[in-house]
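Coming up is one lone chain in structure tokens, specifically the form predicted alone.
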């Protein structure tokens, strides 16, 4: 008698995680798109509420570590509402370029509107793009950032290779993402917050508890600090390291193209 819940190796190859569920690999991008279509309008508000505003500190550290200079080209993948792109726009100046890229059209629309409101459009290009197959020339980007987006990518290894391809030699990748708390006690508190409070906030503020339940689950499915570091090295990045923030709730990974 066979156990119908047991997956075969072939089934594992053709499925991937969507939160705690397994779905066909070809379906995940559309399902993630549905999540962000739902939350796009209140995404920044929810980020402030969910993190108590600490996400701004995490992103500020990312910008500081980027060492972006005047005249450079920066690609912000999964840049959504454009908060990082607006800051990079000022750093690279009129001779530089910032590319705000996201696979989700609804998020890009919000981002484009906010960049216009901030007057940061002269050197910013908005592109709908899949991180797994970036539509940019080889060796054309000085710095790539992806903040809270890699965990939603179906094939993370493919995306990392795509990022390496478009970076110039000496260019830097920065991956800001939720990660694994370094303290067991913090981990327990974080789990309670993620699976009880977060969906309730999503229901009350964004009228969408399920999307925020998925976001909490997707964090748990994301590789931990050491695993992501190894994935970056396998993809070909050099001098890889990471910085834990807020007790490992968030980690900032960096790597360079040799």
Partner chain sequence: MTQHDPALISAALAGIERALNQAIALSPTSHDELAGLAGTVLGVEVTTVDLTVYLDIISGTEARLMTHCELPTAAFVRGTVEDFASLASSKDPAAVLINSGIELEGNSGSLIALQQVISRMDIDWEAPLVATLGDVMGHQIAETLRSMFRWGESAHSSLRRQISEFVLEEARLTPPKAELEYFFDAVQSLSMQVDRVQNKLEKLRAKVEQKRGQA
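Numbering follows the first chain given and starts at 1. All values reported here derive from a predicted model rather than from experimental measurement.
Keep in mind the form predicted in complex with its partner chain is missing from the figure; the text below concerns it.
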_Does its partner chain, in the model of the complex, lie within 4.5 angstroms of each residue among 33, 156 and 220, using heavy atoms as the measure?_
no
*Would residue 116 count as a contact of its partner chain in the model of the complex, using a 4.5 angstroms cut-off between non-hydrogen atoms?*
no
_I'd like to check something about residue 245: if you look in the model of the complex, is any of its heavy atoms closer than or equal to 4.5 Å to a heavy atom of its partner chain?_
yes
*Mark residue 127 yes when one of its heavy atoms lies within 4.5 Å of a heavy atom of its partner chain in the model of the complex, and no otherwise.*
no
_Is it the case that residue 172, even though its partner is missing from this view, gets within 4.5 Å of its partner chain in the model of the complex, heavy atoms only?_
yes
*Looking at 161, 112, 90, 168, which is the one with a non-hydrogen atom within 4.5 Å of its partner chain in the model of the complex?*
90
*Here the chain is shown alone; which of 57, 29, 189, 205 has a heavy atom within 4.5 Å of its partner chain in the model of the complex?*
57
*When its partner chain is placed as it is in the model of the complex, which of 73 to 81, 90 to 98, 129 to 137, 142 to 150 ends up with heavy atoms within 4.5 Å of it?*
90 to 98
*Within 4.5 Å of its partner chain in the model of the complex: residues from 65 to 87 (heavy atom criterion)*: 65, 67, 69
